[in-house]
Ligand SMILES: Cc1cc2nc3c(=O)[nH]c(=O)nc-3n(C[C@H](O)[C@H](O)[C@H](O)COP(=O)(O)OP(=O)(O)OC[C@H]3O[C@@H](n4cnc5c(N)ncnc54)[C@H](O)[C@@H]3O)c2cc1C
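Presented below, as structure tokens, is a lone chain in the form predicted on its own.
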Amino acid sequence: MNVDVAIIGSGPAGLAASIELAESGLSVVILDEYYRPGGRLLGQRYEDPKAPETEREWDGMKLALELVEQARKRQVEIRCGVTVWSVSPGWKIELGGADEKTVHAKAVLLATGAAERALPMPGWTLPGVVSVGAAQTFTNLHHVAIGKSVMVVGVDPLAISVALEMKHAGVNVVGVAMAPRSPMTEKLSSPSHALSQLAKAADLAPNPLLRLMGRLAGGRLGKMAVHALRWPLLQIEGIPVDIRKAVARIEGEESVEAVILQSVSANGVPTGREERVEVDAVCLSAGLYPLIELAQVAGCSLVQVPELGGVVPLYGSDLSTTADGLYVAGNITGIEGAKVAMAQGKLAAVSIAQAMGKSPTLPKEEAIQAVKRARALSPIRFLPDVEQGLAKMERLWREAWLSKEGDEAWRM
């Protein structure tokens, strides 16, 4: 199969890019290993208080269907259920699970998204323990409750969002509590870190106390806010959120039967007696990291930028990479929301179209500004220091260009 552009990943970034590329007159194929297009959009459903009043309900499933329809109307070919196992300069893409094993493209856009970090703890292998992403997919895509009584472990914007989604679906969410302290959890077991994370989710469920504590957490009174929350004061839509209690372990014979809660100090050190809470499901949340394996296979330089979620491809402001003809968009560039991913997809498509001598529907600078606006209007911020991460990426990209002496000079 020969196309102008191959997009790997059918989430918000990939779908938005495909529409812009097709409108620029380029032939496009989208490849995705999942059985249907949409990526993480499929499981998203929440209220966006930053959107205009008539657009506040964010229905990811509906949006995904609309994007797919727009793409197909423009003759974009979407191939789901296929696995890309190799991307080599040229560009040659090799597939598993498909009748046609190879795709040749003039340019490639990697929109591979992100994966969930594991949260190992005593009892986490019991049936009834699921990741927060799986809980979101079960709830919003398949309309299946993961349990009758659910405890969410891990305090962050995604965990709060999914806890609310489960509650709205009729699940009894008994609470959101901290992860236990261990060498694996690091910041995840810190009440101060949890409070700063909670502040980023305050818009999802307006809560004056939460906003107050969030502001205090970011200032000199942060320690006072953490100490004050040794009392169970915080609730979001009736769900108790306890940053001074951690789930020490999950118990059950053949499946989840209960969690053991234990009070923790302001530093996350276990204190006091244990408390048994009966539940039949546990949802673990430890954050996301960019999926960069195909970028590495394709020969793209990678850099460590913790503010963006870990190791990411080195990319410029137009989302081009150190590999000629290879572009990136969405969570592979850093963990952000779907609105940013869609804007990035469009920017990458504009960059590709211009590089291939086509006329995109908007100037590149306008597409860059659209990404910044989407970032400012995102209702959820998954990482607190994204701007610092982007500034670091800009510096690294500039240094790479200044030292560029032939293709090999891109390797860092």
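Only a predicted model underlies this, so the values are computations on that prediction, with no experimental measurement involved. Throughout, we count residues from 1 along the sequence that is shown.
Only in words, not in the display: the form predicted in complex with the named molecule, which the text now covers.
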Answer option from 164, 121, 84, 286, heavy atom within 4.5 Å of the named molecule in the predicted complex: 84
Of 314, 114, 195, 282, the one that lies within 4.5 Å of the named molecule in the predicted complex (heavy atoms): 114
One stretch from 49 to 57, 63 to 71, 35 to 43, 355 to 363 that, in the predicted complex, holds residues within 4.5 Å of the named molecule by heavy atom: 35 to 43
In the predicted complex, residue 18 touching the named molecule (heavy atom, 4.5 Å): no
Non-hydrogen atom contact residue 310 with the named molecule in the predicted complex at 4.5 angstroms: no
is_contact(residue 337, the named molecule) in the predicted complex, heavy atom dist at most 4.5 Å: yes
Contact of residue 367 with the named molecule in the predicted complex (heavy atom, 4.5 Å): no
Stretch 143 to 159 - residues with a heavy atom within 4.5 Å of the named molecule in the predicted complex: 158
